[in-house]
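In structure tokens, one chain follows: the form predicted alone.
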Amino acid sequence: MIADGVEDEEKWLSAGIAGLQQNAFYMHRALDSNNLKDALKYSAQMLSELRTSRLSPHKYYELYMRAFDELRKLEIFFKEETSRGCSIVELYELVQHAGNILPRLYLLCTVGSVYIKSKEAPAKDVLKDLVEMCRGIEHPLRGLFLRSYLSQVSRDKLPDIGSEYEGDADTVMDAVEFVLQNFTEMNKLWVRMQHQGPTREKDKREKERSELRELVGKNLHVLSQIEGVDLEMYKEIVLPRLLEQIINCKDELAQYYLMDCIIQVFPDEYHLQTLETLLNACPQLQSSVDVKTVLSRLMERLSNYAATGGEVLTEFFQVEAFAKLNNAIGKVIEAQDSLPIAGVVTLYASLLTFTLQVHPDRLDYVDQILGACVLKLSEREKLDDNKATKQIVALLSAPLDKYKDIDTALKLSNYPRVMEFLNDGTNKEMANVIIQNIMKNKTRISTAEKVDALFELIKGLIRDLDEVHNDELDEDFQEEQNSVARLIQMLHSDDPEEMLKIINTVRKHILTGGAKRLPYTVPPLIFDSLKLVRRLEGQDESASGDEASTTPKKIFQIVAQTIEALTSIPAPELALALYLQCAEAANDSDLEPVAYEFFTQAYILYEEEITDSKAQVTSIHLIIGTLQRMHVFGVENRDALTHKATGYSAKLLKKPDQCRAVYACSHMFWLDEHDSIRDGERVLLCLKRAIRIGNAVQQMSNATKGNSGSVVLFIEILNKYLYFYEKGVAQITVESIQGLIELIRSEMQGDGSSSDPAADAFLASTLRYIQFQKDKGGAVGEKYKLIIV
């Protein structure tokens, strides 16, 4: 029995090695003196060390390898003996007189190797004799290593086609029979190892057996290397015999390993032509065998084989590979009730990969696989298996990777049904995979129906989930929503009617997104809508009597309703910016009432919702900048809007902000490209008011800090004066500019002034600009010459 104590085992191994080396020494001395009798005597004693039962397989292997090295030297001696006139036949009989059976058989195999090389007897007869004689060792561990030695010394001496040991017409069959018989006996010994010893050590024995699996598997490798084993022989003899042994051994470890060996060592073409035989064996394996991995590896090999293309694919069609694999998977799942859902999905994922490689044009096959997966998933109450979830993601990703087109995936009716089984986190992950695929391949989705199906697939990203807290705005969330925003901007149809349907479809989906998502998803939809408006600019709305036709007005109605959703979040600053964008688009479409309404909504938001002083500053500058570009308003509407804007500017909390907003208002009253919007008086009024506010800033600074503070505001106003002077505003005179320059200098040189390098640099830059314009000459140069700096 194998000992429990590691120290005892080391002691026994050391004793075995010592005994082996001692006898090997005497054997070498006998070999050197050509003393055959002593050589056989000491070699037998050396090999007797292999009779031990006290070593674990790992330790026994160490002892065996030392003996193996010595046997190599002994084989060379036997070969030299035959060349010196010793009869190989007599030598073959002589070694059989060894006292113990194990040394006798090792010596017999060694001499047998020389016997075959001598060609004094047919290789098949010697091999048959050796494989039969080895039956004498019934101990699993000793028998395995003995037969492994036989396999090792005979592998290059098999009577194969083209081999120097080739005999008559049936010679290949003899080689195959020898390997199969040796394999069968080795497998029986290997399986029997699990019954050696107490039950409590079963796990330990299984681990030890696993370490020995390659000894058995080498036989299959030898079989695959026999040249004479053609497809016909493999199909009629080799595979049935192998499968019979594998099924009958009823051992989980052996069945899994040997099935995997068959798949790995024999050619892909053989697997394809014997697919049915191989698959029929799978349901007959023990229920605990990991059949899913076996089948997955088989399908992986066949997929790679199909990838070589050409005539190979025709073979797949002829043998109906898909139908057979699909049927086999169904049988395996049915036979193994305990197969976890992860295993089921793994099988279908492998079948899908195979199908996409062999039948890329058969979407019905792909949908059939997804449908079968849905059926099995629906039998489980809840999917909380991480492995299964990962496999479902792999299953759903496969069509995207193959077709590089979400459009194809949208044609699969069972695709969204599989996604339903993902938990919320993985659903979002899969939705992200879909979006990344669309962006990577620049897929064009141009119908509302497809957009609706797509947004149903990615609903994990566009709808709020119950367990996600409102304050959880992490980087991953932001990246996810940015991806959705990019997706929305990629949606396009050349047909305006269809594009409007797409916009309505997207709107329907994103408005369910909740307060966190809308700030990310509404803006891209608004800009998509405005792009459509600009495509329709100049359309004669009265020309079409069809109420359902796409018009800018209809789009603006949808846009206004969409932005209202932002005001309820609330996100007033974003809503205001979007209202102004829409107003500008309405301006380009010459829709004055629409533009005025958007401005009205923006003003309402400014007055009622935007209370933060910084947000007010940003918003008022957006309002001023947008209003400056508007040309569609009549005098009355424009005056109302500009009056409000200047009023808001003057009411900002901080005086410097007031000053800057007021002088910015001057741009609303003078537009070069529109003669009707050139009011020099109001420009001057704004600038004078800005100077007054600037003076107030100086006075406040003097009162609170004891100095007049910075004159940057005055220099900024000076630049506005120069701008409008250059534009030809008659009310901006040289005297007013000259007076402002003097004011700035006096403030900077006053007793209470503080040093401000930034202001100094700003003024110097402004004065250089004036000088530059003077030097430039021409009409502008003449105007600037009047200014004395």
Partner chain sequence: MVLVLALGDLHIPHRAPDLPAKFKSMLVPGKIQHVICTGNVSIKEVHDYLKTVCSDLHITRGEYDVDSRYPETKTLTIGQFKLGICHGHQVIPWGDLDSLAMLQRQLDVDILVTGHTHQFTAYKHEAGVVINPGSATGAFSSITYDVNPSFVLMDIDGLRVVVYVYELIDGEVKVDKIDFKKTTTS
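Note that the coordinates shown come from a computational prediction; the quantities given were computed from them, not determined experimentally. Residue numbers count along the first chain shown, from 1.
Another form, the form predicted in complex with its partner chain, is not on view; read the next lines as being about it.
Contact check for M439, L578 and Q628: all three have a heavy atom within 4.5 Å of its partner chain in the predicted complex. The chain is drawn here without its partner chain; in the predicted complex, the stretch among 242 to 250, 478 to 486, 388 to 396, 412 to 420 whose residues come within 4.5 Å of it by any heavy atom is 478 to 486. In the predicted complex, none of the heavy atoms of N23 sits within 4.5 Å of a heavy atom of its partner chain. Contact check for M490: a non-hydrogen atom falls within 4.5 Å of its partner chain in the predicted complex. In the predicted complex, E537 approaches its partner chain with a heavy atom inside 4.5 Å. The closest heavy atom approach of Y663 to its partner chain in the predicted complex falls within 4.5 Å. Site annotation in the predicted complex: the residue of L180, V712, V131, V358 reaching within 4.5 Å of its partner chain with a heavy atom is V712. Of the residues given (L36, V734, A761, A730), A761 alone sits with a heavy atom within 4.5 Å of its partner chain in the predicted complex. Contacts to its partner chain in the predicted complex (heavy atom within 4.5 Å) from stretch 765 to 788: S765, T766, R768, Y769, F772.
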